[in-house]
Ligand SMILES: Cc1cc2nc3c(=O)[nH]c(=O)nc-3n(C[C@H](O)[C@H](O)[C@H](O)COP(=O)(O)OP(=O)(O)OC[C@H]3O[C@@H](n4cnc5c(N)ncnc54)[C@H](O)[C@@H]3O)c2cc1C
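Just the one chain here, laid out as structure tokens, in the form predicted on its own.
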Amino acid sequence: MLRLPRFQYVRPSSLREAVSALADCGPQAMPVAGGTDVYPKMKRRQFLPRYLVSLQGVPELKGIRGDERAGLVIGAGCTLTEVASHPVVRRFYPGLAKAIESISTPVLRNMGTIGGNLCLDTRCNYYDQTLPWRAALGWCMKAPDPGGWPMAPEAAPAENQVPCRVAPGSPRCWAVASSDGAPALMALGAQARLVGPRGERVVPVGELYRDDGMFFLEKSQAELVAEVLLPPADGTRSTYWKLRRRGAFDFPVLGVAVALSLDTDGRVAWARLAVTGVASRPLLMDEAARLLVGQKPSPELVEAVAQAVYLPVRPLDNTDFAHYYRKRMAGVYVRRALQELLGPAAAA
């Protein structure tokens, strides 16, 4: 049986207290909300924080307010079930609801939070294994010893002699982004409000991420995602398509999120496409989206956009399915998502 290592549990009662606790405890502290990913990784000794700062008792992280006209403000501590079942999300932001409903299982969605899903650790076949398995392999760049990798770049040693098992000659880790919520929110143009020791800032969700499998979040160790800000729906159509081996529980080995709207004469007024599971960060496919703007739906247009996504996507052989199959399916899933949103005029 895998057991949790020893740690100290800190229970702040406000957002300010939570940020202060993370800052005071330093790089050996981690925030935890639902814990659906943190605790299993602690059992596998991928994470070995000395302090866990609980966010469950922080009221500022709870609740959903707003409407489709003004936009929604979603507390980062809202459970995935709360977000996916919210009537405004289901009706006016269906791509987000679909993405969240594809995460894990109902029981874990009742515990996991939207903020936790945005900050979900990157994944790799060589990293997401038990301690004895990783020891037999000789460790990997992302978790080079039983102590686990430091939680922040500033705590990392200057040189790491353990190679990346996926790309042994690479100076960086290639573990892949595994959040379903992130690409859906990026496609919708959502923003995140972060609160830290130096105050707060609001950034597009896509700017939360670095293209680095080890240090994949563009925020300081003591900063917390406090809220997710969704813009007004304003006629937005959205969807999410996910590739995985099983129909539940599995992380995405490819996720495609598309959001767009049509003007009065049926042309695409604006569009955003995001993919995940194929790089160390979720990717906005700006060039592919630009092909849609100002165009009327047609099979030829959909095919051009699918090719514009297929060509730059370069997954590696570090998750389920063959990497060339995942690359091929990126174009297939973009085609299916666009056909769903654009209707019969886009069908071949």
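This one's a predicted model, so the numbers in the text were calculated from it and none came from an experiment. Residue positions are given as counts along the sequence shown, with the first one as 1.
There is another form of the same protein, the form predicted in complex with this ligand; it is not shown, and what comes next is about it.
- Of the residues L291, V302, V313, V38, just one reaches this ligand in the predicted bound form with a heavy atom at 4.5 Å or closer; this is V38.
- Residue C119 is the only one of A97, C119, V268, A233 with a heavy atom lying within 4.5 Å of this ligand in the predicted bound form.
- The candidate stretches are 259-267, 87-95, 196-204, 172-180, and the one lying within 4.5 Å of this ligand in the predicted bound form by heavy atoms is 172-180.
- Heavy atoms of no residue among I74, R210 and G255 are located within 4.5 Å of this ligand in the predicted bound form.
- Residue contact with this ligand in the predicted bound form: G277 places no heavy atom within 4.5 Å of it.
- Using a 4.5 Å cutoff between non-hydrogen atoms, L108 counts as a contact of this ligand in the predicted bound form.
- With a 4.5 Å cutoff on heavy atoms, T113 counts as touching this ligand in the predicted bound form.
- In the predicted bound form, this ligand sits beyond 4.5 Å of every heavy atom of A192.
- In sequence order, A76, L80, S102, I103, S104, L108 are the residues of 76-109 having a heavy atom within 4.5 Å of this ligand in the predicted bound form; the partner itself is omitted from this view.
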